[in-house]
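Only one chain is included here, represented as structure tokens and corresponding to the form predicted alone.
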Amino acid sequence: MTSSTETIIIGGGLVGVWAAYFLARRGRKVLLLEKGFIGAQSSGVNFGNLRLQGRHPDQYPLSLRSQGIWEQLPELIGDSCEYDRTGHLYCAFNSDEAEKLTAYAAVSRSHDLQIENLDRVSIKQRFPYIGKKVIAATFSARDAVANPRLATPATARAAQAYGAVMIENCEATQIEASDKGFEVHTQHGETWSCLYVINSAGAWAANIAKQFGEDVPAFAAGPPQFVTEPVPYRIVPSIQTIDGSVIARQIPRGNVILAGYPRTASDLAANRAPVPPRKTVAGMAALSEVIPSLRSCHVIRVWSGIEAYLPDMIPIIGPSETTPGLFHAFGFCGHGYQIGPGVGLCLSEWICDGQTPTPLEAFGIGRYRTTIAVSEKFKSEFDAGGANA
């Protein structure tokens, strides 16, 4: 027996549940299929950073639109998800990095984002816990954080309240396109027909795209992350070094959450994202150079997530170029948490209105029909066979 709906979303991460929310809120019939648990992959285990400054230039319209959604969480979904506008301090260790900060700040300001440039003296006055190794920084007051463990499930509940149907532990095993739309077959022997499919399956999404003749070189990896014991609360903004060695924030309970690059290869088949112990040691050593007072902190938990990375380090967002009614949203390269709500909104607009006002041409999957320039960041972290150890 075949059941029907209008849109089927593959993947219950943040992008998928926000797409379901906005579609259901407009009265559309939507079914979300998640092979495991909603929010259990990278959407639920990431750093929780809602960073605006330092974004890819083409991403700013989407990023700013998405931030507006984050800023309205209680009104939209009835839960703040521990949203906190902490600000974001972007740090440089040398003059070359300081020049990059200046260039990033100029791009941010061109999109009306207010960025402060800070020299070593200003940093010491405002953030006395920052170590001497940091010679320059930029500060964005609108940047924020939110709890990733709360955000995706809360959005899913809000979408269900509008009528969205969500099925966990239900893998889509086959998707077939026809003149009438799609038939989606599940691991439980069910078949669903629909007019639209959203491919937001995270690190597994490239396999779906390949079924429709859109092969992209996605790579599965995850940043090592860990949390310290609680210490007196004094570090308010998120702190990030431009080389990616330190991405840290302290929560009001006192624990310091830390992520850092390079990432580690993930195992899609085993559904594992291991963190080598040496990376925890290296991460804490890097953190102690940026915030010396944390040198003696104890790490109490280590984890990572499975994320999809692409050679140009920017995501794929938009309609399929081979199959009408199919939309892709994956390969966020570790930057998808902040833009997730905005991506979900844009997907809903494509389906309901036939277009979105947010310019997203730079993120179309069609760019992989030609040779893609590999980003320096990708080169620095991934070799030809996998992530750096």
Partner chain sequence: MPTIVIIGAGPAGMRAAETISRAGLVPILIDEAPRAGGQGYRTPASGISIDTHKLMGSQSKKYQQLHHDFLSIVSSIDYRPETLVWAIENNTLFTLSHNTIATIQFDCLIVASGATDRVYPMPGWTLPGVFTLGGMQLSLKDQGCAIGKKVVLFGSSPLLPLVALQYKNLGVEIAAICDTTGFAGKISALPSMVFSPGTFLRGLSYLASLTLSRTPLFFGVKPLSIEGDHRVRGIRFLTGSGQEKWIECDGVGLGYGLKPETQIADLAGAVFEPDEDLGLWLPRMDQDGRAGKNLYLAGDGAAIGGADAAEASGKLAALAALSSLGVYCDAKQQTRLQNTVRRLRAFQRGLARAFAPPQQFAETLADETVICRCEAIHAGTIRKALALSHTPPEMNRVKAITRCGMGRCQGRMCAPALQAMIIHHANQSLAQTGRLRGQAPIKPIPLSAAGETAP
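Numbering follows the first chain given and starts at 1. Fair warning: this is a prediction, and the values are worked out from it, not measured in the lab.
This protein has a second form, the form predicted together with the partner chain, left out of what is shown; the following refers to that one.
Contact with the partner chain in the model of the complex holds for all three of Ala156, Glu168 and Ser288, each having a heavy atom within 4.5 Å. Only one of Lys132, Arg234, Arg295, Lys210 lies close to the partner chain in the model of the complex, with a heavy atom inside 4.5 Å, and it is Arg295.
Proximity to the partner chain in the model of the complex, defined as a heavy atom within 4.5 Å, singles out one entry of Ala103, Val121, Val281, Ala270, which is Val281. Not displayed here, the partner chain is kept clear of Ala141 by more than 4.5 Å at the level of heavy atoms in the model of the complex. Using a 4.5 angstroms limit between non-hydrogen atoms, Ile251 touches the partner chain in the model of the complex. Taking non-hydrogen atoms only, Gly336 never approaches the partner chain to within 4.5 angstroms in the model of the complex. Shown alone here, His188 lies farther than 4.5 Å from the partner chain in the model of the complex, counting heavy atoms only.
Look at 342-350, 328-336, 62-70, 37-45: in the model of the complex, residues with non-hydrogen atoms within 4.5 angstroms of the partner chain sit in 37-45. Residues Cys297, His298, Val299, Ile300, Arg301, Val302, Trp303 of 297-327 are found to place at least one heavy atom within 4.5 Å of the partner chain in the model of the complex.
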